[in-house]
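Next comes just one chain, in structure tokens: the form predicted on its own.
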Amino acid sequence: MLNTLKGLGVTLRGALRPKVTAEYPKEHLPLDERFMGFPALTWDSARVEPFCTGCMVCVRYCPTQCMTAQMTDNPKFTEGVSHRKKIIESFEINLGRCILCGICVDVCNFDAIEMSHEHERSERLRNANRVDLPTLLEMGKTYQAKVGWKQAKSNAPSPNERETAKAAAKSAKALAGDGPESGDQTGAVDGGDQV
């Protein structure tokens, strides 16, 4: 009888304690700032294209080989709008095989892949955790907006921007060069060689 009362006391103390866990599907605990979710591809809003050029470095270094990618020629480069000669054509990650190691982020030279806060990807079908390029870009855009992501270095100038800068420099040189050119001509005339 005494043991039964002690057991009820333990149960009552536990029932009156504040809860420390969340009822998962209904409640979500806030994520830590440094939480690493699944990889996502980042979006270059200045050029309106992905940062990814399809260089395959992340694919080669992935320890679980859960990524596949293909690159193609960038039509915006031929138009002179973008500085990227190549662009990603297709990209797929099998999130069921991803171990969230972050190596892909470390080896990327283009700020093209980040570990997002996306972590709720439970699926019933075997291949349902395979995500393609549009899904990865959407995950990346959401992550970039959420954390205020900024790229490490600014974009290189596109061919059109280079031509505009050259033309502006040439016209500025011509405007600034009117004075020195005329000074050079008068200097040649004023020189004592012709007298």
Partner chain sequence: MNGFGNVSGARGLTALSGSESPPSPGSEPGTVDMMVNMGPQHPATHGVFRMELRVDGERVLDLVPHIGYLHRGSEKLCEHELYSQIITLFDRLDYVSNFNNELVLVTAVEKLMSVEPPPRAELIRIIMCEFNRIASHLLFYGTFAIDMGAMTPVLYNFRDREKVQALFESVSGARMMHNYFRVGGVKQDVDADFAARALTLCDDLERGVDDSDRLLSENAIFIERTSGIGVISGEAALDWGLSGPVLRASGVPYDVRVEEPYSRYAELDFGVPVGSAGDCWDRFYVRILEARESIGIIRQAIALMEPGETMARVRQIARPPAGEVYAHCENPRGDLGVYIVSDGGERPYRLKVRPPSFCNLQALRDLTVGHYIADAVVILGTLDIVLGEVDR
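Definition used throughout: the rigid core is the maximal C-alpha set that superposes within 1.5 Å between two forms. All values derive from a computational prediction rather than experimental measurement. Positions refer to the first chain, counted from 1.
The discussion below concerns the form predicted in complex with the partner chain, not included here.
Stretch 56-64 is the answer when you ask which of 141-149, 161-169, 56-64, 42-50 has residues with heavy atoms within 4.5 Å of the partner chain in the predicted complex. Although the partner is absent here, residue 10 lies within 4.5 Å of the partner chain in the predicted complex, judged by heavy atoms. At a distance threshold of 4.5 angstroms between non-hydrogen atoms, residue 133 is out of contact with the partner chain in the predicted complex. In the predicted complex, the partner chain sits within 4.5 Å of a heavy atom of residue 14. Taking the partner from the other structure, the partner chain in the predicted complex has a heavy atom within 4.5 Å of a heavy atom of residue 99.
For the partner-free chain shown, 99, 101, 103, 106, 107 of 84-115 come within 4.5 angstroms of the partner chain in the predicted complex, judged by any non-hydrogen atom. After superposition on the rigid core, the Cα of residue 171 moves by less than 2 Å between this form and the one not shown.
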